[in-house]
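Quick setup: one chain, the form predicted alone, written in structure tokens, and binding and motion questions come after.
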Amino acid sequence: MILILIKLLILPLLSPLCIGIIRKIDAFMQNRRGASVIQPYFDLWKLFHKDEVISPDASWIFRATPYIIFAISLMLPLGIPLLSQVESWGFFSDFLVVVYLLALMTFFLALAGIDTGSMFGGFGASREMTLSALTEAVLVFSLLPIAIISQTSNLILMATTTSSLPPITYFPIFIAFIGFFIALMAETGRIPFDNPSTHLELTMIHEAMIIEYSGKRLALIEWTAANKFLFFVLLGANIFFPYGLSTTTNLLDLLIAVGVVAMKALLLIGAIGIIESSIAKYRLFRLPDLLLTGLILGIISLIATNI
């Protein structure tokens, strides 16, 4: 129960810090000083204390969406191994459930984008649903090889199986991880799929859907995006590279696991920051080609696993 409580708290507490770290990496790669890594906490604090302006045409969907997607983002880490291989939360541990909880978040956000009748919200929602439909397949096929190897769709059991594999059989899983990494960049709106700091309406995807939000609801949406980013980082680090996870609930083993998981997460965040600072945002019509590449990598990994 203590581990479950840690899962519920660690994601919302540390996710803004991860966004601050990746912004700092982006600034370093661009020869800028950049803001402090804790700046996202101040941004959220400022938004929570601002007044809201809501369109009179907005329905309950617009008003409820920030609370719904924030609640879902808190449930996501319940099913993944965070520090140990003995954590379990039944229903939420199935990777297909996780994929469709992510799809549910996208669905409500797209509905909110078109709810007010905003032109920018409409095309942002259309673009987001197009990419989401393609990204779901990439995400499923990147996790499917590990599910087949472990003969289960439970993410915690999948991590346990992966950690016991000999290095010589790890090549298909590494190929699947590349496909997962492409899905991570798409789901979290990172370059080359989207630019989370853009203010150019014609290039917006995620930002276009939330352009009508302000105040507390905007803070919740920004916080949800940070939660989602950290969730994907931890999912990639602990499913594809589960080394260092504790096999017991012993306090010393859990403290060691904290250090190992933090190091893996920082390495993955650093890689994301370096990659998105080294390439430009792709045109919208080139994004399906990149997602198709991730899907093909997942299929190749699946074939190699069966062989």
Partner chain sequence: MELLFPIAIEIFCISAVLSFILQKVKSVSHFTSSGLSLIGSAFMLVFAGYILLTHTVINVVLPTSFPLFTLSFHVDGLAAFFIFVIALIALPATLYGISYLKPYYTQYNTGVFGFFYNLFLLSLFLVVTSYNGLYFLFVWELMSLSSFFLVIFEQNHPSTIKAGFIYFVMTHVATGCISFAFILLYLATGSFDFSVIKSHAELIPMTIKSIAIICFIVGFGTKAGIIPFHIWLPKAHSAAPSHVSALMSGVMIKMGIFMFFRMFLDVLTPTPWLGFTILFLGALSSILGVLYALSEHDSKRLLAYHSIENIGIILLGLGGGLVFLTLNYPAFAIISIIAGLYHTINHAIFKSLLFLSAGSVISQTHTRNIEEYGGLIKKMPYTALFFLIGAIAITGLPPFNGFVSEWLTFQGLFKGIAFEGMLIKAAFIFAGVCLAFTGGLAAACFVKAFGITFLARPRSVESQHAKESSFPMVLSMGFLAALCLVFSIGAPYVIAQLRVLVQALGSFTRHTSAMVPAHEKLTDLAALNFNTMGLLLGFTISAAVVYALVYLVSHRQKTVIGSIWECGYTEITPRMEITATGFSRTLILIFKGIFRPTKQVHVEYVDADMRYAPTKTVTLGISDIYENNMYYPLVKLFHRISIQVKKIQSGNINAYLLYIFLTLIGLLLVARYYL
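Residue numbers count along the first chain shown, from 1. Bear in mind the structure is a predicted one, so any value in this text is a computation, not a measurement.
Keep in mind the form predicted in complex with the partner chain is missing from the figure; the text below concerns it.
The stretch in contact with the partner chain in the predicted bound form, judged by heavy atoms within 4.5 Å, is 106-114, chosen from 233-241, 187-195, 106-114, 171-179. Within 4.5 Å of any heavy atom of the partner chain in the predicted bound form lies no heavy atom of I4. The partner chain is not shown here, and in the predicted bound form it never comes within 4.5 Å of any heavy atom of L252. I21 falls outside the set of residues with a heavy atom inside 4.5 Å of the partner chain in the predicted bound form.
Under a 4.5 angstroms non-hydrogen atom cutoff, the partner chain in the predicted bound form has F48 among its neighbouring residues. Contacts to the partner chain in the predicted bound form (heavy atom within 4.5 Å) from stretch 17-42: none.
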